[in-house]
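Before any questions on binding or motion, here is one chain by itself as structure tokens, the form predicted alone.
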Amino acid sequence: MTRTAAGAKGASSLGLVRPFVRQYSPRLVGGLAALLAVDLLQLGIPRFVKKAVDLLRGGTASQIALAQIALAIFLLALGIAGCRFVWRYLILGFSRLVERDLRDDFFRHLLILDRPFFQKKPVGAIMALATNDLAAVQLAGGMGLVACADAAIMGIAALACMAYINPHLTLIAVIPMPLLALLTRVLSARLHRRFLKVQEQFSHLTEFARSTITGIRLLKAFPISGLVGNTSLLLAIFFGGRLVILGTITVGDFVAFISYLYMLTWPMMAVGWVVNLFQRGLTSLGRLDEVMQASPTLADPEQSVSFPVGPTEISLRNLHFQYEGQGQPALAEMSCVIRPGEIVGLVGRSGSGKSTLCHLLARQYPVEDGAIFLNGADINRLSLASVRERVAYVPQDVLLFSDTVAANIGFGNPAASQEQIVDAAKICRIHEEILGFSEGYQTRIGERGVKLSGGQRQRIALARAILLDRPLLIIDDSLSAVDLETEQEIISGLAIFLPGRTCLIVSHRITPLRNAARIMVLEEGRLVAQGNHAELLATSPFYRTMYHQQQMHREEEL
């Protein structure tokens, strides 16, 4: 990446936090003012120490004078402590507020991204962004900003005080500093490249490896700064000592000069740390910006039409769909009509396109114009919200929350009564099992339903979808962990519960679908046959073979 491109990317990344800096600018200005006060108060202590040393050296010191100097130093220390508390509260609080708001924006943006984005971005990478990268931004905006401002203020002020005592000696003491600036510039570029690699691999590497790499960089940065500081101290002692002997400066001046040089050592030491923090923060901001710049592949049409009222009819017209990066289409030349109120089964081998069709009907992927119609309206002319609020979709991998059974069933319909929740559970043949739990419907099921069996999780998720009371219900092989008899009972119960509603049921087992109004058979993304169970047994060799194989397997199990 060229420097121009890197600079443009950095400016774009900083745009993520610019609104928060403006929002919390009073807090930031107040914190920086308190930090300035701390540094200025610290500069006063060596002046009082110089005065005390000169009094003692000249033999004119008294207990009252020394007590006054001690009191002044104590008051300065007290002021330093108070101002230090203020800047910590304001500036570190500022960094936490920025982290909170940036995290909120990040998760808010994630919610609008659709399925194709999450196929490219693994969960581990998103978790790394939401934790490690945001922490790096917070550290740069907190302690990094403090160290940078403190080093700049203290460095300039210390140099000014040193020059006031003796400009010639100050010039000698700062001779090694250009070397530090050069080394810092080289280190900065290396830090950016190396930390970017660390962040990109964070979802795959162990925390131990990451910490080790980071530690190596810090170990290399601080000894260089320390060497420069000690070299400056050596020069100050050698040449400053000669000036004291010659009487050019007093012993008090020399002690104060060394004190200011020690104050200058911290800014020099802080250079490597500040560069490290800012590079980490900027790198992490860049990684976050990549996600924030991502846009969903699905978008509402500029002029959407109203969703036609009434029971939902689905019309597929030469539907073709291919996943990005895949050589073969997932669906090809699919045409059919699913009539309102019809319960349709969908069967076929793994990879035949069953789930893909469900994803497209639930508007999780974009399709070409004129391929899918709902009640006669092209799905691309309807707003995403108007389609999704009419679809209840139960995926293969169901998701439950660490809450009660009742809360999970009623998640999509918070206004549902306990009676409605129980009715939905009864349709899904899970009611009796729930009553057997320790606290019935108020039993907490743990993270992702860890306390439940696979079949129980699936049936609770199905009950949640039923309670939504949507015109179109899609069950995407989400009863695979339920035994054959129970699945058949559930599908029979749905026929009674869903009058006037359209239902599409994907199942890898044919027997539970025998009573469906129609069964669609998919093979390699194509609709190869459709009809009721008896018709398909008579006309479709593929369906007949599948059915007999499953029957033989069932008999072997029995």
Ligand SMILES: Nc1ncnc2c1ncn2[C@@H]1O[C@H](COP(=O)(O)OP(=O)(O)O)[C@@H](O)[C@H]1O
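Just so it is clear, the model here is predicted, and its values are computed rather than measured. Throughout, we count residues from 1 along the sequence that is shown.
Below, we turn to the form predicted in complex with the ligand, even though it does not appear here.
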| property | result |
| --- | --- |
| Stretch from 434-442, 318-326, 158-166, 130-138 whose residues place a heavy atom within 4.5 Å of the ligand in the predicted complex | 318-326 |
| Contact test in the predicted complex: residue 354 vs the ligand, heavy atoms, 4.5 Å | yes |
| Partner contact for residue 292 in the predicted complex: the ligand, 4.5 angstroms, heavy atom | no |
| Contact test in the predicted complex: residue 335 vs the ligand, heavy atoms, 4.5 Å | no |
| Residue 303: touches the ligand in the predicted complex, heavy atom cutoff 4.5 angstroms | no |
| Contacting member of 143, 387, 90, 330, with respect to the ligand in the predicted complex [4.5 Å, heavy atom] | 330 |
| Contact residue in the predicted complex, from 402, 119, 297, 417 (heavy atom within 4.5 Å of the ligand) | 119 |
| Those residues of 358-374 which, in the predicted complex, come within 4.5 Å of the ligand by heavy atom | 365 |
